[in-house]
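Shown next as structure tokens: one chain only, the form predicted on its own.
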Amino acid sequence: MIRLSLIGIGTGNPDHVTLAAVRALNTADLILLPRKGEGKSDLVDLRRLLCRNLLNASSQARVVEFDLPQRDSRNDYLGAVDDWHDAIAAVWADLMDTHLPAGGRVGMLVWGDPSLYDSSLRIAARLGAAGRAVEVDVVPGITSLQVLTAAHQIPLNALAEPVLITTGRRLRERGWPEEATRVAVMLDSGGAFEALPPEGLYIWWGAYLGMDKQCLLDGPLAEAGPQITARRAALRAQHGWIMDIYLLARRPR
């Protein structure tokens, strides 16, 4: 039996790692650290730092790094993602067979929270579907959405109003969600808000949230949108990668 702990590690600030995450790390026999290529080396560097700082002297955990398979860039997005998840599950299974042939506890460090716009749970489900004896538990982490609203010192929702969470792809394809007054946008490859008529919209944007290079901008979308687009491009060129999120609000009619 493999006990797989998907451990949310927040958005880049070691102070945001919970005590539950520290306990999960220190009870693991194997900790897997994914690498996403040289362009995103900061992400695995942070995971390495967390392991160095949070594993105590009595920990027996073996820390193993692995390269994530590349996702196919074909137009069939859902099909490409499905195949990609199959490939990642196969890598996980091989690492578990290699390093824990008799079973044990595996810790997987997940950016943000494993249950919010992350595919670790879907990938883990493939292990069970393939007949492997895997028991999964989730250690919640601080999400980028929480850090965004805290950094801007705003509540997530307007009084007595709902919030819709969506992706940049869906916002670009479908436009403003009907009946929504606030929309949180994650996984935007860049500038999906440009597809919206900016009148009456306000944006709070953040990149590298929780990190030393955190960057924040906000304002009416008509004014702040072009500034965000330019700043985002400059930051991506400077660092080689970018992770950002934003919250849009529509003024009541």
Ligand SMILES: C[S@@+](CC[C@H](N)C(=O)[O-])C[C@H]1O[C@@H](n2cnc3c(N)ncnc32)[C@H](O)[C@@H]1O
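It should be emphasised that the depicted structure is a prediction, and the values quoted were computed from it without experimental measurement. Residue positions are given as counts along the sequence shown, with the first one as 1.
Keep in mind the form predicted in complex with this ligand is missing from the figure; the text below concerns it.
Only one of 31, 209, 203, 228 gets a heavy atom within 4.5 Å of this ligand in the model of the complex. Which one? Checked against the cut-off, the match is 209.
Pick from 64, 187, 49, 216: which residue has any heavy atom within 4.5 angstroms of this ligand in the model of the complex? Among 64, 187, 49, 216, a heavy atom within 4.5 Å of this ligand in the model of the complex occurs only for 187.
Contact between residue 117 and this ligand in the model of the complex at 4.5 Å, heavy atoms? Yes.
Should residue 112 be counted as a contact of this ligand in the model of the complex, where contact means heavy atoms within 4.5 Å? Yes.
When the contact criterion is heavy atoms within 4.5 Å, does residue 21 count as touching this ligand in the model of the complex? Because no heavy atom of residue 21 falls inside 4.5 Å of this ligand in the model of the complex, the answer is no.
Residue 25 versus this ligand, in the model of the complex: is there a non-hydrogen atom within 4.5 Å? It does not: once this ligand is placed as it appears in the model of the complex, residue 25 has no heavy atom within 4.5 Å of it.
Residues in which of 95 to 103, 128 to 136, 142 to 150, 156 to 164 have heavy atoms within 4.5 Å of this ligand in the model of the complex? Correct option: 142 to 150.
Does any residue in 214 to 248 get within 4.5 Å of this ligand in the model of the complex, counting heavy atoms only, and if so which ones? Contacting residues: 243, 244, 245.
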